[in-house]
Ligand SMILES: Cc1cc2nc3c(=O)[nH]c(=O)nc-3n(C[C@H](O)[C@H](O)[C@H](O)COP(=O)(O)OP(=O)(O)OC[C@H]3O[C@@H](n4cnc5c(N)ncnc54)[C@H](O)[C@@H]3O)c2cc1C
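Shown next as structure tokens: one chain only, the form predicted alone.
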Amino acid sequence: MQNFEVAVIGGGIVGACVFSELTRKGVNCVLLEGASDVSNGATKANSGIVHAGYDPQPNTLKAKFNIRGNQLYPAMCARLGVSILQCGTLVVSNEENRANLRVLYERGLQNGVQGMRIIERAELHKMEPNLADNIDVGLFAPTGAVISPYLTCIALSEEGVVNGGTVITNFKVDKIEKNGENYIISAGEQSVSANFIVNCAGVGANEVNALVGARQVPLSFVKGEYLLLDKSQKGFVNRPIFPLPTKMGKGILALPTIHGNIMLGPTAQPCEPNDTTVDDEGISAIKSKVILSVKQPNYRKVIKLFAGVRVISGDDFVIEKMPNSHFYFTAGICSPGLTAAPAIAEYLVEKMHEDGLEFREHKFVARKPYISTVDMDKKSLKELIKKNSAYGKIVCRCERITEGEIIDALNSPLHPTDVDAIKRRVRPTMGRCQGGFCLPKVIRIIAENNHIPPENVQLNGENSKILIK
């Protein structure tokens, strides 16, 4: 049984931030994830927006950690070597709702958002030519940004590993026992021990809490469905475009991804904890509501439908310590949870330090970003291919991903093993054809690299075979 100072349960963005923060302070830490890869829950299926901070009610945890997280993201992304599109965000409205827009502006000032301004019609439509004709006024927040949530989560987890941490996947925690000063954390026959536990299990937060007798948090689950458009629609919008928010959320928006796609959504429907289906009702809701902010998108260019589940606990985040213990837990980390995650991690790690967790001098090791041949100039690419011909073999024609990039991803610090894990790292099967042409080649490369038969290659973890012999 491996022994650690801290065990973080849950490999979403909050858990990955906590894991990275701990390892950079020299703490012997393990990240336990029940799925076959990190970033396999809500983190892989959200809008990827680093929110400016005008939406949360003042003096809440959401407001506090949103503002701090927004400040941390640019330097964090630079350190990780992942992209951040610092494009700002827009909330738009007609003249009749100008007063409601002003409420957001005043709330943002109270929360400490920097650089916001109200923009009038002429400038607004120049910034975003595809706004709906009835849009008259907007709130621009320049500190808003867009990231890849799943790649950022993966990068944080990799950073933790190269700095001495351990990630264990397929570890579905089903038992926690106290053994003196330590906790014994088990998943079937496999166990680890740790002095501190941080529960970042998302939809499974209450199940983990129950294993140690921590309080059950009131949770509800809301499904958000999305439509993803092909890269040919790049420029339809230049930044996230929000309608005025309602009590159900921030509404149906249109936004660019860092990879050049356009995303529409999300819906907000009560659901079961793991319901990621997309149905006609959700698609219709997106189509009927997105045109309140922007002109009609070209739905012939939709290449992907997907959904994520938001976990909500009342009106604020839950971030607590179980009394008389070293057990910390988070729950209800819905929007702006992605933005808040680095700040939540900073807070939790400091609280553990105050509770006796020792920090040590540590020589930081930078995580190595993935090679992107499509972003290289011809001379550099030619030199790379001379060194390794695999970088000259195109596998995914839509995204122009090479065999060399896929092999690199397979041998990266977390050693991903299935097709979706490789997709989240270097994007094969993410283009217009959604794997129609490249999937057989991706399967072959995974099989050869991992020395397994092709029929044993999984799509996304256990019991998701693609080929049947």
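Note that the coordinates shown come from a computational prediction; the quantities given were computed from them, not determined experimentally. From 1 onward, residues are counted along the sequence shown.
Quick note: we don't show the form predicted together with the ligand, though the next part is all about it.
Visitor: Using a 4.5 Å heavy atom cut-off, indicate which stretch of 131 to 139, 357 to 365, 280 to 288, 222 to 230 touches the ligand in the model of the complex.
Guide: Heavy-atom contact with the partner occurs in 222 to 230.
Visitor: Is the gap between residue 310 and the ligand in the model of the complex 4.5 Å or less for some heavy atom pair?
Guide: Residue-level check for residue 310: yes, a contact with the ligand.
Visitor: Answer yes if any heavy atom of residue 43 is within 4.5 Å of a heavy atom of the ligand in the model of the complex; otherwise answer no.
Guide: Although the ligand is absent here, residue 43 would touch it in the model of the complex, with heavy atoms inside 4.5 Å.
Visitor: Is it the case that residue 182, even though its partner is missing from this view, gets within 4.5 Å of the ligand in the model of the complex, heavy atoms only?
Guide: Residue 182 lies outside the contact set for the ligand.
Visitor: So, residue 405 and the ligand: in the model of the complex, are they within 4.5 Å at any heavy atom pair?
Guide: No, residue 405 is distant from the partner.
Visitor: Identify whether the ligand in the model of the complex is within 4.5 Å of every residue in the set 13, 200 and 266, based on non-hydrogen atoms.
Guide: Every residue of the candidate spot has a heavy atom within 4.5 Å of the ligand in the model of the complex.
Visitor: Of 353, 304, 102, 172, which one comes within 4.5 Å of the ligand in the model of the complex, counting heavy atoms only?
Guide: After the contact test, the surviving option is 172.
Visitor: Please identify the residue among 92, 237, 252, 338 with any heavy atom within 4.5 Å of the ligand in the model of the complex.
Guide: Here the answer is residue option 338.
Visitor: Output the sequence-ordered list of residues from 29 to 56 with at least one heavy atom within 4.5 Å of the ligand in the model of the complex.
Guide: Heavy-atom contacts to the ligand in the model of the complex: 32, 33, 34, 35, 40, 41, 42, 43, 45, 46, 47, 48, 49, 51.
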